[in-house]
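Shown here is one chain on its own, the form predicted on its own, set out as C-alpha cells.
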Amino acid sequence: MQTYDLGAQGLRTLNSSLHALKGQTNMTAWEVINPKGAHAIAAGVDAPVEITVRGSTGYYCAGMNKQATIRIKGSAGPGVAENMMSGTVIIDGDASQYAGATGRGGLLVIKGNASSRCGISMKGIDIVVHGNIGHMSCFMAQSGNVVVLGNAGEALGDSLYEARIFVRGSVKSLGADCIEKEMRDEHYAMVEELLRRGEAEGKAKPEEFRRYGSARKLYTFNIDNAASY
C-alpha cells in the first residue's frame, strides 16, 4: 500500500507519481490522506490500480480516468469523473454538479445524492446514484445508462440522444424530447446488473424502475418541431 499525505507532499507530486504508472505495475494499491477538498486529485490516471481517497475532494477528482478504481470516502466537488474513459469511481457521500459529464466509459457510483447536470453529455459511461439527482441531469446525453434509486429533478433528459435513464422515484419534469418508454425484459436485466455493479444490490428491485429515453424528434431540425428547441 502506497500512502500519500496530500497535505504534506502536495498534489503535483501525487498526480505525477500516478501518471508514471503506465500499463502493469506492482504498485497497485494507493491511499490518499488529508485531501482537504483539493482539486483534480487522481485526475488522468491510466493504470489498473486501486486508489482510496480518505476525505472529501474538490473539482474534477478522477477526471479522465482510465482503468483505475478510485474510491472517495467522503463527498466530491463539481466535475467528478468528468470525461472518464474506463475504470470505476465510487463516492461514499454526495456529488456536486455535472458528475460524470461527457464520460465515455466505465462506471460511476454515487452512494448519496447527485446535484444538477449529472451525466450531462455522457457518451457511454454508466452511472448509478443511490439517492436523488438534480435538475437538467442527462442533458444532451448521447449513450450509456443512468440508474437512480431516488427522485429526479426538473428537465430530466433535455435534448436527449440515445442514453437510457432508469428512475425508481418521482420525476419533477421531463426535458424537451424526453419521454417515458416501456420497460422490456432486456431493461430489467440491465438494471439488475447495474444495481449489482453499483453496490446497490438488495436496495431496490428492477421492476420498481421506470425507463426514459429520447422521442427522437430533435435529431435534425424540423420546422414542425421548432417550438421544442
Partner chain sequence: MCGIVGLFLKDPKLEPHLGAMLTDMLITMTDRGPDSAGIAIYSGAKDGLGKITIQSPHPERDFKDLDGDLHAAIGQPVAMLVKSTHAVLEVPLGQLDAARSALAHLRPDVKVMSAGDSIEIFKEVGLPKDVARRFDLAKMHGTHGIGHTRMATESAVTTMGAHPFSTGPDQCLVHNGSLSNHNGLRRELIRKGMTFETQNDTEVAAAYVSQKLKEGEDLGTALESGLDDLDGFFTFVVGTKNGFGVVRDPIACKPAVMAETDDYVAFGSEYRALVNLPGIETARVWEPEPATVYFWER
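Just so it is clear, the model here is predicted, and its values are computed rather than measured. Residue numbers count along the first chain shown, from 1.
FYI, the form predicted together with its partner chain isn't displayed, but the following is about it.
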Inset, instruction - Would you please decide whether R71 lies within 4.5 angstroms of its partner chain in the model of the complex, comparing each non-hydrogen atom pair? - result: no
Inset, instruction - Please check if R117 has a heavy atom lying within 4.5 Å of any heavy atom of its partner chain in the model of the complex. - result: yes
Inset, instruction - May I ask you to state whether A38 is within 4.5 Å of its partner chain in the model of the complex, using heavy atom distances? - result: yes
Inset, instruction - Could you confirm whether T102 comes within 4.5 Å of its partner chain in the model of the complex, counting heavy atoms only? - result: no
Inset, instruction - Taking 4.5 Å between heavy atoms as the contact cutoff, choose which of T28, Q67, T52, S56 touches its partner chain in the model of the complex. - result: S56
Legend entry - its partner chain: the contacting residue among S159, Q97, S86, N83 in the model of the complex [heavy atom, 4.5 Å]: Q97
Inset, instruction - Select, from the options 56-64, 161-169, 184-192, 200-208, the stretch whose residues sit within 4.5 angstroms of its partner chain in the model of the complex by heavy atom distance. - result: 56-64
Legend entry - Contact set, 162-178 vs its partner chain in the model of the complex - heavy atom within 4.5 angstroms: none
